[in-house]
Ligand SMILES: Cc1cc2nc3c(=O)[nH]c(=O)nc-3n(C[C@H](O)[C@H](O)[C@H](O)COP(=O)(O)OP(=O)(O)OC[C@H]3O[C@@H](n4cnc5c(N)ncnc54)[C@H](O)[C@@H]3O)c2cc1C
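Before any questions on how it binds or moves, here is one chain, the form predicted alone, in structure tokens.
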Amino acid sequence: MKKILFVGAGMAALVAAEKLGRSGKYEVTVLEKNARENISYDWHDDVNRAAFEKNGLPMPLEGTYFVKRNWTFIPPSESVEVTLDIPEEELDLSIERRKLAQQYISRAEDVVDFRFSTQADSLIFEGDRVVGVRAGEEKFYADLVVDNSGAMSKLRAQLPEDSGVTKQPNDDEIFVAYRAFMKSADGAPSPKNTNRAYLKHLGETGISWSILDPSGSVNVLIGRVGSLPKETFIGAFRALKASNPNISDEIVRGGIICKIPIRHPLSRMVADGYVAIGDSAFMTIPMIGSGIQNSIDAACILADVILKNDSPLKQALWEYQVRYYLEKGADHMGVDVLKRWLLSAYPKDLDWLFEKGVVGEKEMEAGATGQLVKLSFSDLLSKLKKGISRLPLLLKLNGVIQKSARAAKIGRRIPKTFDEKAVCRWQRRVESLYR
């Protein structure tokens, strides 16, 4: 294998491309649809600082990040607030995405051929094997195509049916979100809790948030599952402003709508000549949609597997998916189960769970960081004391948490070596959990 082609200059592509290019074994090319100055999103996202040291990567440049403050979660009625208490040294870093991407491009330019303003339109096949991509009138041939082009990847959708790779996510697996930084309203007091996330905001299937940025602007997100109609957005923005009077109507930056996967990772990430990574493989935390750290981890796994096995065939690439599932993907399967239940729950039930302390800091911290929410028998007994009058709801919540644990267990039972029949059986078990 000599040529490796990445589609999309996401963080996963940038990290893996540099590692492979620096090995001296491969010709590595990255195609990116945007101009260099416009790559990635112009906002910041959260990454645990340990991800950089763990993977031997440089920290973001000084001035391009700050320490994220603790989240405050608010149920639909806004009757109570649950604020996490993560020690400052363990808090995530909130990093400017565009500046981090540009930093990593600069690092890799001597060993990677970057083609900006180049939109990949379609895959090129020989039989069922991917051998390159078309971009306008150009054809780029490669032994391996790594797809980092996003949740709605049109390249992934072109794979053969028998590849076993999911072509497109369902509507309830996509978060359609408006994101903008608004100027702080003149004379408005600063909120006591600066990072406020509203769960099932206005009783709708989604979240909104208001975060006071260190720059003084207010980081606003309004997201709903499947779609974000104009009237839904207007109503949510008005309600968010009413609860957070420091939000003005003036946009400082951002103000765009994007689609983010909020589901378990792909149950098949590889095909002959093809690998999905990052949002193309749905590598976000299902509860909050954050994915940079997962992408960085996956990129290092993929580079290791390619260097070790030196083959573009799915049998050799399968190790990449196995390692990702054992490290992260299995737990995210479990978090997806809980997330789906939370989004389908009645707002009044969520209100009661928060008001009674049944869902508290411990549970919200686990879900927000992509970890399983665990409930032992003693935990259940303790929670029963808080609300015996709502025993059916507590038992339902317990059942969901148990199903979440089963989902993670199934994820960890991924076949360790590639056998088509065994992999298909495992995939069917995975997908049946979410029907």
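No experiment lies behind these values; they were computed from the predicted model shown. Numbering starts at 1 and follows the sequence shown.
Unshown form predicted in complex with the named molecule; subsequent notes refer to it.
The candidate site formed by Ile260, Ile277 and Gly291 is fully in contact with the named molecule in the model of the complex, as each residue has a non-hydrogen atom within 4.5 angstroms of it.
Note on contacts: among Ser217, Ser267, Asn244, Thr284, the single residue with a heavy atom within 4.5 Å of the named molecule in the model of the complex is Thr284. Only one of the listed residues (Arg323, Arg129, Arg97, Lys356) places a non-hydrogen atom within 4.5 angstroms of the named molecule in the model of the complex, and that residue is Arg97. In the model of the complex, the named molecule sits within 4.5 Å of a heavy atom belonging to Asp46. Remark: Ser210 does not count among the residues lining the named molecule in the model of the complex, judged by a heavy atom distance of 4.5 Å or less. The named molecule in the model of the complex is not approached by Lys339, whose heavy atoms all lie more than 4.5 angstroms from it. The named molecule is not shown here, but in the model of the complex it comes within 4.5 Å of a heavy atom of Asn34. Partner contact region in the model of the complex: 141-149, out of 141-149, 228-236, 306-314, 348-356, criterion any non-hydrogen atom within 4.5 Å of the named molecule. Contacts with the named molecule in the model of the complex, taken as any heavy atom within 4.5 Å, map within 162-190 to Arg179 alone.
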